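Given as structure tokens, the chain that follows is alone and in the form predicted alone.
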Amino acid sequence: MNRKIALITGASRGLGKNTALHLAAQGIDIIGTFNSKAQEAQALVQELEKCGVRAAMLQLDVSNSASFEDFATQLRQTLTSVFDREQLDFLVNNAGIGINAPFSETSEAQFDQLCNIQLKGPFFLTQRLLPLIADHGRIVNVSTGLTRFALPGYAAYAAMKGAMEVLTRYQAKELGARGIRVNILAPGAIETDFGGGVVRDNADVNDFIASNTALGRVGLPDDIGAAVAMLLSDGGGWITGQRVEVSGGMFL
């Protein structure tokens, strides 16, 4: 029996890498994408193979929707040659960046960059990959706690993620006929290098977040990777069209 296959964008580092490792621990084969960090991507392939799963990494710039046709062709070839499959089972739209800029100072270039990576990219990438996602498969998009609570400096970023939350409901509705479940995961503040590592490295920021979180600490990458794995597990089969916040209870 063929194992499940997950495609994770932005898998070479951070939450994408952690998600890949959590899914591999469940025996799920991994196809990851990276933008520029080819060496880190190859190191992850070796790490995943040590977990007993098959793995491959493909280059993808999610901000360049014109490249998605070629990427789909490369993905199809990889599915056949590495995994002996024609379709994958899970898509995790994880790749992204963060820009901290006050609303009054956000430039059009910053806005466009966020839109291309956080909204336009996953919109059209998912659309292009639909023929390669098996019926009864699953899609997990990634949002942020900042769509529920507001912190200065993230107006454009949170607006894109808010749009992704609306898109998720439409995807769940329109793809339900194929049995495809679509949900969106909204992490709270996590100790990674995202945004320059401020949550991880700035003690004052870390303490502030922890003091405003019901579970009394800042989130860790394992908290998010495990939550994605939960949504993709058999137990998540009756969940679709939902925003699932994974924040430990920030700002309740």
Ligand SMILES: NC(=O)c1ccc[n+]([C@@H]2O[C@H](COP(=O)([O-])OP(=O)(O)OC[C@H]3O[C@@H](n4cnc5c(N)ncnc54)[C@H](OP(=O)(O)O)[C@@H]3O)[C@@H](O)[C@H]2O)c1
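Just so it is clear, the model here is predicted, and its values are computed rather than measured. One rule holds for the numbers: they count along the sequence shown, beginning at 1.
If you look for the form predicted in complex with the named molecule, you will not find it shown, but the lines that follow are about it.
With the partner left out here, the named molecule still marks one of 77 to 85, 115 to 123, 132 to 140, 164 to 172 in the predicted bound form; by a 4.5 Å heavy atom cut-off that stretch is 115 to 123. Taken together, the three residues 92, 183 and 234 all stay farther than 4.5 Å from the named molecule in the predicted bound form, as judged by their closest heavy atom.
Residue contact with the named molecule in the predicted bound form: residue 228 places no heavy atom within 4.5 Å of it. Contact annotation: residue 13 falls within 4.5 Å of the named molecule in the predicted bound form, judged by heavy atom distances. Residue contact with the named molecule in the predicted bound form: residue 213 places no heavy atom within 4.5 Å of it. Using a 4.5 angstroms threshold between heavy atoms, residue 188 counts as touching the named molecule in the predicted bound form. Annotation for 70 to 89: no interface residues with the named molecule in the predicted bound form [heavy atom within 4.5 Å].
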